[in-house]
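Next up is one chain by itself, shown in structure tokens, the form predicted on its own.
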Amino acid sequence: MAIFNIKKREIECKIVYYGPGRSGKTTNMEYIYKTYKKQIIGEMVSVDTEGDRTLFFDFLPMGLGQIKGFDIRVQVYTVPGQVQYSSTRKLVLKGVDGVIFVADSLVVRREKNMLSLKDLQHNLKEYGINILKIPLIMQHNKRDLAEQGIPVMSIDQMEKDLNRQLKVPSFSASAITGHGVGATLKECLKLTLLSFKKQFKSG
């Protein structure tokens, strides 16, 4: 839920990177932080824990121009992917405006991707949000591993597993090299801003 600050004439929105543990959510954030220095206000905060890189969130406000004379500021968060941090994942989703689901292309992570997507759907529902109504982007990460001879799923397989019903925009990516990282974020921001404009018109 976007926050309107009339005094500062700012709209603050929240994007959350979601997905299973070790799928590359934090690596996406680190790449964005290094690459989009001009748009970043403040520092990225990261909490490393044993067994998972992000316990609470990475925080990355970005300036985005204006809507109706209001400056847009974006807070970007990641959630911890591991099962035991389910309450933290739910907490980080509170007030979310757009979601990037980072799926792991490794064959051995197929089931974890699907369980994480179900977890996202369940947690959004707890906040009264329909997964089909929120701006959502699918990222098929770690595509570069195929070149190293590591077994990865085909894009067709991943789309069938994760995106057959959702039918949301999806991107192939490698968060390590940066391929597809910026495109994923830009598409999510675009859909989120379009959703705000619709709210303005209906409001």
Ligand SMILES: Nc1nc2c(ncn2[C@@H]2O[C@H](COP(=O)(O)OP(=O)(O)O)[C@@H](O)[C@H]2O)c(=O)[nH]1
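All values derive from a computational prediction rather than experimental measurement. Don't overthink the numbering: it's just position in the shown sequence, from 1.
Below: the form predicted in complex with the named molecule, not depicted.
Task: 72, 98 and 192 each touching the named molecule in the predicted bound form (heavy atom, 4.5 Å) - done: Not a single listed residue reaches the named molecule in the predicted bound form, so no.
Open item on the list: To test your reading of this chain, name the stretch in 24 to 32, 130 to 138, 63 to 71, 157 to 165 whose heavy atoms come within 4.5 Å of the named molecule in the predicted bound form.
Closed with: After filtering at 4.5 Å, what remains is 24 to 32.
- [ ] Although the named molecule is absent from this view, report whether residue 174 comes within 4.5 Å of it in the predicted bound form, heavy atoms only.
- [x] Output for residue 174 is yes: heavy atoms within 4.5 Å of the named molecule.
Open item on the list: My question is simply whether residue 44 lines the interface with the named molecule in the predicted bound form - judged by any non-hydrogen atom within 4.5 Å.
Closed with: Heavy-atom contact with the named molecule at 4.5 Å: absent for residue 44.
Open item on the list: Does any part of residue 180 reach within 4.5 Å of the named molecule in the predicted bound form? Heavy atoms only, please.
Closed with: No, residue 180 is distant from the partner.
Task: in the predicted bound form, residue 145 touching the named molecule (heavy atom, 4.5 Å) - done: Yes, contact at 4.5 Å.
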